[in-house]
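Given next are two forms of a protein chain, the same chain in both, each as structure tokens and marked structure 1 or structure 2.
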Structure 1
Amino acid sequence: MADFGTVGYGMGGGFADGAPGIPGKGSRKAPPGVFEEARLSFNRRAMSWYGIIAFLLLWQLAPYAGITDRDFIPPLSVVAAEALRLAVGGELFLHIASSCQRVLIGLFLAVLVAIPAAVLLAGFFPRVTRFLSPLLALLGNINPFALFPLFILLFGVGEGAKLAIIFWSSLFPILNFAIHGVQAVDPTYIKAARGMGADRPRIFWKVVIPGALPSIFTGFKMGATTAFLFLIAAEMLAANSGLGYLVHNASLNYFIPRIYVGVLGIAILGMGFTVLIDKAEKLVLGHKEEAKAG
């Protein structure tokens, strides 16, 4: 069915399709400007990499141009070679695995404590929450570093103290945001649900929890960021594996490229983790999409 109406409309597309001789079929299959579109969307996606690529290029070339000191900031290729050497030996994956394990356990414990506590406090005991919130603010301001001796006392020098540092540093963002999220649920929704005869557990699961979830996710992301921040610190204090240990050991031995391997490894790990959380958030909060844009 030759449809000549589309030819004029999709001139560019029809020709770019490589089938100028058969105007009808060619233009029907490929909507106008499809290549243009693809090129643009590729460009749009690639653009987010331009900055990083430029930065990495600069890193590689700066020592040769004499802008930076080769010994202090070795070119990227040297760092990459070192990473490769560590990866081939399997050592790198061991460090990554043990760092991941610590962060995941620490965060899991923090979530396990913070979210039920926050929902319980803010959802059922608003007065108690108000009473406790100055104390929570105070405790959240205490640096986990300063508590390290206490953690050693309570959990020993092994994994326990490190997990406690991660737990402590991620607990308060998660807790505070979750409390805030529950408090910020629109009372109209609760009233509406009650008016339609929903009982308490139903209101809780259908209104309060979904309403608080965006804030809970924000808190979780902040908690994860601080967890990664302090993971490295904890591993520098006392550990014999993990990316923090890798960096610490390298800096003690003045093995500069290895420091950067650790720094990059931590950055990539942190970014990957955030991407995963974002994906999970999108999956869970699909219904929130429009409200958030507004």
Structure 2
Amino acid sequence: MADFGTVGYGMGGGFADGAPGIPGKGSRKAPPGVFEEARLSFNRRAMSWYGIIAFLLLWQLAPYAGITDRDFIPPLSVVAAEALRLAVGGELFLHIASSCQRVLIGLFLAVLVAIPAAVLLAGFFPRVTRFLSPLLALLGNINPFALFPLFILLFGVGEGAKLAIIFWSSLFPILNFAIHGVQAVDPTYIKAARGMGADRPRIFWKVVIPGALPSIFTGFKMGATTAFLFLIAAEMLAANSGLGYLVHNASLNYFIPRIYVGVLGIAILGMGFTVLIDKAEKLVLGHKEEAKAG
């Protein structure tokens, strides 16, 4: 709401020349404060990048200053040159495509299992959910690294074991957040829909699922983050492509710059996936935020 105490009026009922933030009749200049607001807005957007820029500068300068050993921490320019060489030859894009494919398949399988399971447990069988909650918490706290031998025994050393690791690591964050989202739906909405004659499937599609979407998206982001954390380990299991394989092969051959190329590639891919999920969340849930603001 406008603050009427700061607005100056002229004799004729119009705005007087020189009123704060409002140009006079003969003024051709932008209202005072516009450029300052633009500068502050730019600074707010750039603030999150300042730390990254400082880190990259330190990475580049520290080896030359003798702060770090160039044999173990090469300058950023050396790592960038190696990344460019791999990109020109097409090898880097092959590894990125393989890693993205594994993460996407693993996340898709996790979502395919977690969302229906959460709806069934929290929506149809709440008592079973309370009974299974300690078991789900226990399984979710098992480190996938400890299950590597089991995955190899069950799926061999091919793609199955890698996908199983990514699937397991991302399943429980998505499942637990989805269960919480279904349980947190306001019962008043469910009663209202039931009073209007909606059957159970329609209630879940029109009321429960939309109400649980914020928690589902949060779990999806957590699952994607965890999947990228275990991607390197998954691709070290007899893989011949992928950023994890690139890191592992470079470490065996003591090619240090290539190790950093693989690590940075996984970090950038993880950030990219998080940004895409955030964009999708805003696109899907934007109408809710607008409704609240209204």
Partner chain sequence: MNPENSRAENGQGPLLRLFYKFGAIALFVLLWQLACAAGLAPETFVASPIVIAKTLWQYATDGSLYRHSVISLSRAFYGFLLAVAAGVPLGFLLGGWFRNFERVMGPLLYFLSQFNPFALFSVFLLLFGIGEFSKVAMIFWVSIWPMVHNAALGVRSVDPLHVKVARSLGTGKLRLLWKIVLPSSATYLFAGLRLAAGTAFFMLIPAEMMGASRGLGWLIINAQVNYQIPKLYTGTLAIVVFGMLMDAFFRLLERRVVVWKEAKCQP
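For the two forms, the rigid core is made up of the largest set of C-alpha atoms that agree within 1.5 Å on superposition. Numbers follow structure 1, counted from its first residue as 1. What you see is a predicted model; the values in this text were computed from it and never measured.
Trainee: Can you spot the form predicted alone among structures 1 and 2?
Mentor: Only structure 2 fits here, because that chain is the form predicted alone.
Trainee: Determine whether the C-alpha of residue 126 shifts by 2 Å or more between the two structures once the rigid core is superposed.
Mentor: Comparing forms between the two structures, the residue 126 CA shifts below 2 Å.
Trainee: Core superposed first: is there a CA shift of 2 Å or greater at residue 117 between the two structures?
Mentor: Comparing the forms between the two structures, which are aligned on their rigid core, residue 117 does not shift its C-alpha by 2 Å or more.
Trainee: With both forms fitted on the core, give yes or no for whether the Cα of residue 152 moves by 2 angstroms or more between the two structures.
Mentor: Residue 152 C-alpha, core-superposed: shift of 2 Å or more.
Trainee: Core superposed, what is the CA shift for residue 203 between the two structures, in angstrom?
Mentor: Superposing on the rigid core gives a C-alpha shift of 2.6 Å for residue 203.
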